[in-house]
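Next up is one chain by itself, shown in structure tokens, the form predicted alone.
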């Protein structure tokens, strides 16, 4: 990326929020498989799409800096002003601050949660000091659902490439930075066409293509986008039940969506890796040699009992730690 990524390049177009590293580490959160739309565009700078706009974020001491790029004009050229990306004076400063605070859930005090989890769990305490600032994102439910449908038997780099192809093929083009195009995540209606599954297969989605198109149709014909978002207001068990009725959505994907977009902080996504952690590191005695539905529920209940009402947040820290240490290939 060009100098526009540095706060000193266009100071009037950069804004900041107070945010110490103990409350947020961009490098850990944006690369740990919660979202697949962020790219380290230069050392310490992360560029991605959020709420239909392209943003660059970076941290400096106790501040979170951000800038928002303008959309392309009718000629497909990014509008610029004094050599800097055009800002939506259209996007009010109060609104951009609100978007970031909501996305990173900055109103949740993470340091206090880390202390409580460390006091309750010696294994968490060993990890916490090396992985501060790992918090859970609050994503758009549609984007989160369809992103995680693509995670089965997959790894982060491949998922990221798939989501990029999905957005390029079905999403609205936003702008182009240093020859890299950025697109909005597709609207639900874009994924319900009769040819959607075939197009997705051509993009390399394999068997996931029918799940993406099938879930899009099921939502469009059922609860709709608004109803999906309203799952934020229902109990965790109810939200999970509704999600699991969709094509390609099992318990783990449903829990990822509940945790990362539907405000269910108690949701603990359990894959075979987390199952082995529960058995080997925590000594959770569960019968059988496979991750059965009963074992899945018991593991989630165990961690909720250990870590409390934000158990999913604590698990995100351990997931990030194992990912960074190379102990987990990614999503399974």
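Everything quoted here is computed from the prediction, not taken from an experiment. Residue numbers count along the first chain shown, from 1.
From this point on, the text means the form predicted in complex with the DNA, which you will not see here.
The partner is absent here; in the model of the complex, the one residue of 170, 117, 131, 211 having a heavy atom within 4.5 Å of the DNA is 211. Listed residues 111, 233, 189, 153 were compared with the DNA in the model of the complex; 153 is the one with a heavy atom within 4.5 Å. Only one segment in the set 301-309, 266-274, 57-65, 43-51 has residues whose heavy atoms sit within 4.5 Å of the DNA in the model of the complex; it is 266-274.
The DNA in the model of the complex is not approached by residue 280, whose heavy atoms all lie more than 4.5 angstroms from it.
Mapping the unseen interface onto this chain, residue 247 counts among the residues with a heavy atom inside 4.5 Å of the DNA in the model of the complex. The shortest heavy atom separation between residue 14 and the DNA in the model of the complex exceeds 4.5 Å. At the 4.5 Å threshold, heavy atoms of residue 240 stay clear of the DNA in the model of the complex, well away from it. Within 4.5 Å of the DNA in the model of the complex, a heavy atom is found for not a single one of 26, 160 and 324.
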